[in-house]
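What follows is one chain in structure tokens, specifically the form predicted on its own.
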Amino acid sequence: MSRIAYVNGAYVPTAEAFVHIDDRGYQFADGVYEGVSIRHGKLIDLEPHLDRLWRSMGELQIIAPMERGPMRLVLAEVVRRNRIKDGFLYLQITRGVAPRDHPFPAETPWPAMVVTAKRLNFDASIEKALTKGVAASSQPDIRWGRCDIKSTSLLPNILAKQAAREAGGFEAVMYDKDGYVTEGSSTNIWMVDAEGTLVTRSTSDNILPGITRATVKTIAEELQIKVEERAFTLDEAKDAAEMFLTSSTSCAMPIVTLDGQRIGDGTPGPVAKRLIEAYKAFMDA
């Protein structure tokens, strides 16, 4: 059976899913998005994702295409029609269709909304996180100054991710002009220092407020793991006892090497493992 997408009011096979060539998302990346994990058919952390979506739309002055209640129904229907048990749902909202011009259209168009879903093997990802981890490569952060908005304008992120992959890494650990780690190209970055404190950069420093990041932070506090939000350098990260990344698709994934240098003993560490197990329990609850 073909995968089904939701496009501007209709559920259609993805082979027939199209948007207009004058859609401002296509012309200018004038849009926002969210990605939500699906576990046992349930949308994980849906309400925080919707909170962030509404904030992003507000920052760009994009009107919501529908209220939250109907949107929840659409998202659930996309999951149902695609028969997704474990997977990932993608939701994108753009300003809509208008003649190409840089300023906002004089007559506000109706926003365009697209939703897709695909299967993911979270059990395999969790097993990898507990036993192997991933390599990462540091890359300069060349993104724009409003990374707090989850914009579809992701070319700098793509370039960083591609550079990391060409260097043999799973993820790019991005750093600012002063050598401080900001975040990953599509993740938030954490380290565990020599005292066992969990450290991640504050979202007040133009960091995207990751939903999985927030949940892992809450879980860490419930486990009485000390959490400190502050900037840290690449050198600190390379000397850390542990590193890991968080995202909707990777949950909490240990970084075992950075730029070819082992982090800790080069295997997933005890703090990360506790958080991975606890996050799995959260998803399965």
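Heads up: residue numbers just count along the shown sequence, starting at 1. Worth saying up front: this structure is predicted, and the values here are computed from it rather than measured.
What follows is about the form predicted in complex with a small molecule, which we do not show.
Here the chain stands by itself, but in the predicted complex one stretch of 75 to 83, 187 to 195, 126 to 134, 99 to 107, 187 to 195, has heavy atoms within 4.5 Å of the small molecule.
A heavy atom within 4.5 Å of the small molecule in the predicted complex is found for one listed residue only; from 203, 138, 157, 116, this is 157. For the options 39, 238, 217, 52, the residue carrying a heavy atom within 4.5 angstroms of the small molecule in the predicted complex is 52. Heavy atoms of residue 212 reach within 4.5 Å of the small molecule in the predicted complex, making it an interface residue. Under a 4.5 angstroms non-hydrogen atom cutoff, the small molecule in the predicted complex has residue 150 among its neighbouring residues. Contact annotation for residue 56: none of its heavy atoms lies within 4.5 Å of the small molecule in the predicted complex. Contact check for residue 33: a non-hydrogen atom falls within 4.5 Å of the small molecule in the predicted complex.
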